[in-house]
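Just the one chain here, the form predicted on its own, laid out as C-alpha cells.
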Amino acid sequence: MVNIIWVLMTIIGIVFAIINGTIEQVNEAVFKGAKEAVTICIGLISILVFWLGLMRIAQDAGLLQKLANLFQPIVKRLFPEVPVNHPAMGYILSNMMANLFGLGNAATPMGIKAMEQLRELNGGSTEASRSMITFLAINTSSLTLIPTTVIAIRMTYDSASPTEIVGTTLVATFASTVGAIMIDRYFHYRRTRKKGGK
C-alpha cells in the first residue's frame, strides 16, 4: 500500500512539473537529493559503527544483560501474559535496550523476533494479542535515550553542538512512551469491559 502511495505521489509530482514547466527544477532536486542521501549514509556509517561496536563490548561485558535484568520488573508488568523465561521476554528487552541507545537498525531484527514469539504465544492467531499491541505502541513511541542517528546527521551538517538534542529527546521519549502506555491501557480496559457486557 505504501509503495502504491509513493508511486502515485511521484507520478502526480512529475505530471504537475511538466504541466507547470518546472521539470528542470525537479531533475535538479532529484540529483541533489540523491547526492545528499549518499553523504548522509556515509556520515551515518561512522557513528553507527562506533555505537554498534560499543554495544557489542557492552553485550560481551554483560552490561546489556544487567540492564535487561534491571528493567525486567517494569517490562513484566507491561506484558503480564508473557512468562518471564519465555524467549519473547528476552527479545522484547533486547529490542528496548537497542532502542534506548538509538540503535534502531539493531533493534528491528529483535523486534521482529519478539513479534514472532508473541504470535506463537497467541496460538498463531492472525489477530493481535494484548502483548503485541502493547509492544507495537511502545516501539512507535520513539523509545530513545541517545538519538544516535540524529546526532550523526547533525554532525554531518556541521552542527555546533550535535548532542544538545539529547535533553529534549529524553523529555519527548518520556511524554510519548507514557502517552502510548496510557492509551494502550485505556483501550484494553475499555475492550475488556465491553466483553464483560458492561
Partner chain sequence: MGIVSLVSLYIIPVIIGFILIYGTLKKVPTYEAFVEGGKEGINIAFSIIPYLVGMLVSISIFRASGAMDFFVEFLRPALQFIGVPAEIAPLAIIRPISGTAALGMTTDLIATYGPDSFIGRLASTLQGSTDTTFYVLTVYFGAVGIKKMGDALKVGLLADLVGIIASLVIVTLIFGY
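In this text, rigid core is short for the largest set of C-alphas that superpose within 1.5 Å between two forms. Numbering follows the first chain given and starts at 1. All values reported here derive from a predicted model rather than from experimental measurement.
What comes next is about the form predicted in complex with the partner chain, which is not displayed.
- The partner chain in the predicted bound form comes within 4.5 Å of no heavy atom belonging to A68.
- E81 falls outside the set of residues with a heavy atom inside 4.5 Å of the partner chain in the predicted bound form.
- In the predicted bound form, no heavy atom of G90 sits within 4.5 Å of the partner chain.
- With a 4.5 Å cutoff on heavy atoms, L121 does not count as touching the partner chain in the predicted bound form; it lies far away.
- Counting a residue when any of its non-hydrogen atoms is within 4.5 Å of the partner chain in the predicted bound form, the hits in 114 to 135 run M115, E116, R119, S125, T126, E127, A128, M132, I133, F135.
- Superposition on the rigid core between this form and the one not shown places the CA atom of V178 less than 2 Å from its counterpart.
- Core-superposed comparison between this form and the one not shown: CA of G167 displaced by less than 2 Å.
- When the rigid core is held fixed, the Cα atom of I138 travels less than 2 angstroms between this form and the one not shown.
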